[in-house]
Every structure is written in structure tokens, then in C-alpha cells.
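One chain is shown next in C-alpha cells, namely the form predicted alone.
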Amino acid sequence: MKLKGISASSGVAIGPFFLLSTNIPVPTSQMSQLSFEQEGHLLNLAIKKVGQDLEARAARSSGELRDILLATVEIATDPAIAEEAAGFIVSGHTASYAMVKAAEVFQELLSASGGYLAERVSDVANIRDRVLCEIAGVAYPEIPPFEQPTVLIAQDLSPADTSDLDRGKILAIVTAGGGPTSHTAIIARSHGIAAIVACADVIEAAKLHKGNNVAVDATEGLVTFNPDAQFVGQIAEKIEKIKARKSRVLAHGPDGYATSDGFITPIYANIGRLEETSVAVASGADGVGLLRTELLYLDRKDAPTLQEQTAIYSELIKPFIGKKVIIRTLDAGADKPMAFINFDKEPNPVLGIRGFRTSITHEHLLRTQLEAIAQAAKDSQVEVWVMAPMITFPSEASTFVKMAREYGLQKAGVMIEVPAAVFLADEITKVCDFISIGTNDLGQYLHAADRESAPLAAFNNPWQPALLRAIELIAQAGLKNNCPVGVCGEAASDPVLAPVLIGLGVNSLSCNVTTLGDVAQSITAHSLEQLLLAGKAVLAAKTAQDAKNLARAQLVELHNLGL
């Protein structure tokens, strides 16, 4: 039995599987037999225990998972949830029913906000389920320790679900929900685990094939239950190719990675935390193509001072002596709320004031950040560039570049994530030193599809023809105006799509550190002519799968690399 999902982290695996139970107590709307005080005590005690458990999991974790868990703790312990639930308890309902209704309210608010906040919807659901189990006095269905390497199958996975995983025993992860940018995808990529998300019917299939093996080809997004001997042989062959690929020596010089005929492409890393810098250097990154700065602000009640920011930026860029680091200025807004910025309530925050637009009323925040970046750059031996997110008009791009120049930052550019900017790319590339394409946001705005919505995951497939054609338009504008164009969205982390982006005219890539090696392997195994032919081929595609098939037909070495 074969199923199709969306590849979230490359790799292949075959072996036994474990289906994570979704057996959570489901409360009814039946009125409580207990008093308001008794139900309130049950709820508050359950929330407290869940919060303590999440804190303990965060303490045992590190890196990106720890940060996500700490954010989940804040949601779980936010008194607003208990206050919302109290209203239902006052009406005579049980603590369990009140928790479900309160969670629905917060999930609707987060979904409407979009962006960063929409990513927290699944976290609220997991907190709700854990609280329901506490109230009912039953164990939450955790992932058990595995005696042998196993494929993990679930409806979806929360950060808490994966916090104590023995990753050496996880062959692959397959979920029915989630999307390419969901927590499951992020966690799988960060640990180099093959993963497929948005795989419809995988839960039902797993129940039908209990006790059988499953083959996961995350390169193709295919899940095969009870594979026959011939298919097992194909998977085994691909696994051997992957082993050979990882031992292959790459053509890498001071300016970047070389194609088989000597064309140089810089491949940078995306980072957001200090601990990621050493990993980026070890992975062979040519520098940093996206240094996110939001994490310096999100958990603060006041803006970091000039001195604090200067010190942090200095530490972040220090490991990249002699290399380039592109720092993205604060991507704040209604979807990434900051306690020290008063945003008006917006009917559709994801289309509201965010990114560079916040500088209209909070210009001092941007100026302080630019000054801090300039000071950090001045005292380093690193080539520091800056870019602004969510640019729509050429006038905004020009304003940002001029502002950066005021602080001595000589290389300033912008991100193109808004469809309008695609059609204004000619004008924008004339006033910028470089452009970076944020394919995650650009993809969701192009297709009017929330990138955190599992039912809409296909719209946010980076192989969608509309997105590929938009990238080509931007790249050609950059070529015309001698303005380098890079890609720093998830599309650049796909080792099959990455060479296509270069073929479309993109000058550089910035990807997740865990996929950088595979991206470099894919590019260096082909000639520039093959990349150009692949880029030309996808422009004629009618569907995402069609685009991928057309690209693979030109990138013939992918098969030998096990990609």
C-alpha cells in the first residue's frame, strides 16, 4: 500500500513502525456535579502540572527544541487560558469541557493572526490534551523508548512529544498533519531525520498493516506499507547511495562551491541562535545568508539596549571571520508581537503591520538595531550586510538602504516576500545592493494559503509553478541591474530544488545547516548547463509534481546521489 505526502526532511528508511496513540479523553457538554471551586481547582492543578512537565522537558533539551518548548511553557502557564475556561466553569460545565472550549478560543485567535502566532495552534492543542489527561487521571500517550530503530507515525507531533526521543532509534517520522514549516518538519531537519508530513490516511493505513514493515522515501514523499522484495531492494540501494554521497569530496573554494564545470555558488547558512554558529561553520557554510534577530526581542518586556544588541551581534558574527553575514532586521508585527510595541488590533494581522512596516511608527527600534549592527561590524573582521523584511514598494527599499548608509553599513538589501514586490523587482533591484527571496512567506501570499494549515500544505509546496516563475522574474531583474539575488527560504534547503534555483538565475543560497551538505552535493555533481536546463524546464510546468519531474530529468546525477 503506497501513500503520498510532502517531504519535510530528506532521507530514506525501512523497518518496523510505531503508531502514536491519539486516545485522549473527550469531555461532553454535560453539566458538572461538582462545585465551581472544585472544578476550578481541578483545572488549575492540571495546568500547573503540565507547565512543570514542559519546563522539565525544556531543561533536558537544547537548541531550537528548547526554545520552542520554552515558548510552549509560556502558553500553558498564561493565566488568560485559565480565565477563559473559568467562564465556562461558572456556567456549570466541567473543567475538561471548559479547557476544550478555552483552547478553541485561543486557537481561533492564533489562526487569525497568522505567521509566527499561527505556528502555535498545534501547541495549544497539545497543551489541551495534556491537561485533559491530567484531569482524567490517565497517562498522556507518550512515545515509548524503542528497542530497535523504528519509523514513528503520528497524527502530528508537538515539541513536547519529541523532547525525550532517542533520535538514534528513529528511522523516520511520518505525520498525517503538519506542513513543510511545521514543528515536526523543523525538528526532523534539525536532527537529520527523514520525515514526511501531510500524509493523508497514514493513520488508517498503519492500523491496517500493524506488525508489518514500512518504507519511507522522504526524497519522493512516498510511504509504502508491507513493501515487496523488489521495493525493499530499491530502498536498500538508495540507502547505500546516501552513504556514498556523504563520503564524497566536494569542490569547495574560498568563494563557494563549484559545479562540475567550475561555476561557483556560495551556500550560506540560516541561523538565529549563538549555538548554531559553530554548527554552521562545521557544516561548510560560506557564511550566513539569514541571521534572524527576532529571538532577541520576543521574550522581552522592553527593547534590548544598544549595548546589549552590539554585544549579541558581535558574538553571533565572530565565528565567521573573513566571511559574509547577512543580518535581517527585526521582523516584528502583529504575527510576532513584541511587548514593547503597541500594535492596534487588526482584523487580519498576517496582512497587517509587520516587518519594515513597523518602522513607520517605531523608527527608533530600527535605528538602534542598525547602529548596533554597525558597531559590531566595525570591531570585527566579518563582511556584514543588512536586509529589511516585508518590503513592498521601491520607495521602502530606497528608504532602508539610505538609512543603513547613515550608520556606515555599505551593503544593504531587502527581502522579497510580497507578490507586489515581484512585479516591482526591476525598480527594487535598482536601489538595493542585493535581494533575498523569502520563499516561505512569498509562497503563502502568492497562493493565499496559510503555510501552517495542513489541508493547504500542497499550495505551499515550493515546487509550485507560480513560485518558481516569481523567483525567475526576480532573478532576471537582479541580473539586469547587477544586483545579486539569493534565496533564504525553505526552498533553498531542498537538495533537488536548490540547483534549479541557480538555474533560474539565483546567485546564492542560504539553507538549514542540516541540509547544507546535501544541497552542496547536488550542485557540485552537475554542470552549470544542467542547472540552466533544469531551470528552463520547470518554467513550463503545470503542477508542482510536474516541475519536480522535469527538473529531475535534467539533473541526472540526483539518482546516483540517492536524492
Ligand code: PEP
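On a predicted model such as this, the values are computed, not experimentally measured, just so you know. Numbering starts at 1 and runs along the sequence shown.
From this point on, the text means the form predicted together with the ligand, which you will not see here.
In summary, among the residues 286, 441, 123, 134, the only one with a non-hydrogen atom within 4.5 Å of the ligand in the predicted complex is 441. This chain lacks the partner; the member of 174, 290, 102, 330 within 4.5 angstroms of the ligand in the predicted complex by a non-hydrogen atom is 290. Every member of the trio 417, 451 and 489 reaches the ligand in the predicted complex with some non-hydrogen atom inside 4.5 Å. With the partner omitted here, the stretch from 409-417, 208-216, 250-258, 461-469 that lies within 4.5 Å of the ligand by heavy atoms in the predicted complex is 409-417.
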